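Shown below, as structure tokens, is a lone chain in the form predicted alone; questions about how it binds or moves come after it.
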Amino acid sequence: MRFASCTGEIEISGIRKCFEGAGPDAINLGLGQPDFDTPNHIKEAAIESIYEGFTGYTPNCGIPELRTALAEKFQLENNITCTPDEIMVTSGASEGLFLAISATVDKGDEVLIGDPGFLSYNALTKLAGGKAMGVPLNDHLTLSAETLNDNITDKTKAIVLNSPANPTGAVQTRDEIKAIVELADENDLTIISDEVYEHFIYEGEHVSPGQFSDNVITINGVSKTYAMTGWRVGYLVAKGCALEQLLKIHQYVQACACSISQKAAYRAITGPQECVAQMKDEFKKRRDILVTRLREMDLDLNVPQGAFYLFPRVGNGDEIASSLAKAGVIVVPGSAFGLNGKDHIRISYAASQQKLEEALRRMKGIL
């Protein structure tokens, strides 16, 4: 059997390897999955839709009421003015990223991504025939317009932004975002903005680049915000004629997101939001515990302002991750996120305080 050359250029996800290779007694701090259950009012919406027989195909871009609610959400929370016709519901934010990159990148095009940065950006760019160009982060682990400008060539097609960021938890400032948007507009580059952690910011503010320019594809989802990772619902906004280009791919790849999950997502978006605030408060407590204890181990780390990851410098990240796995603690080696991550490990604190305490006990003598 012969395969496309692009599949040979990508590897199985380093995150999934860690997740699926964990032993039965291992404490898994490698997966970015909230340990909370999906709130009951969201589950009830799904159950209702099943009994009502809402189990068929939906419109390609999603059910109208969800897209209308999302348009209101973008206006209120992100200062992005859009219509429901500029919104698409996808099978997770992952599909949204795939659509955005596939519709934007031609063979030989370059895409600028932060290094270290979420590993999907690199792989999806390669699948589209493009080349992901890692751009070093500054001392605050964010991207700057100046460094991005230094990496722009005549082949550059897009910039991927992720704030709050995976794996670092860093949050881009308003000034940084505005400068990057201006740079992109000056060079006719599309910004693909991954905002799945927007509701988990502990210091600073979330700033959507889409509020400053129409040349942005904004991607989000309900997975992290509402502890709905397995429901597989993401969404995106693409202004003007851009959505039609993404729709062409979506129609043949997925047709539509799960009908039942869309009903649940509608209830999540329009229902009570106290559950989100409670999760955020708990994540911050966990972050503060880990930061304090890891600093007591003399680890070099930036305090993450958002998401639910720590990215400490540990020396050889691959060796440390392997040693921790033998001690029953699963983390992701920083090399999975780019060349500049090789001296780090990513620790997810989307696990209970009890598990974090036991993990810290096992980490002693290794970190």
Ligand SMILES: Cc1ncc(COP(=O)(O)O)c(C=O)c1O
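In this text, residue numbers run from 1 along the sequence as written. Model, not experiment: these values are computed from the prediction.
Same protein, other form: the form predicted together with the ligand, not shown, and the subject of what follows.
- When the ligand is considered in the model of the complex, only one residue from Y226, Y197, F98, Y266 comes within 4.5 Å through any heavy atom, namely Y197.
- Among A170, A93, L246, I159, the residue placing a heavy atom within 4.5 Å of the ligand in the model of the complex is A93.
- For the marked spot (T142, Y202 and P304), a heavy atom within 4.5 Å of the ligand in the model of the complex is absent from each of the three residues.
- Interface residue remark: G328 is not counted as part of the site for the ligand in the model of the complex, having no heavy atom within 4.5 Å.
- In the model of the complex, at least one heavy atom of G32 sits within 4.5 Å of a heavy atom of the ligand.
- In the model of the complex, no heavy atom of T218 sits within 4.5 Å of the ligand.
- Among residues of the shown chain, R232 is one whose heavy atoms approach the ligand to within 4.5 Å in the model of the complex.
- Contact with the ligand in the model of the complex, judged as any non-hydrogen atom within 4.5 angstroms, is confined among 116 to 124, 80 to 88, 254 to 262, 151 to 159 to 116 to 124.
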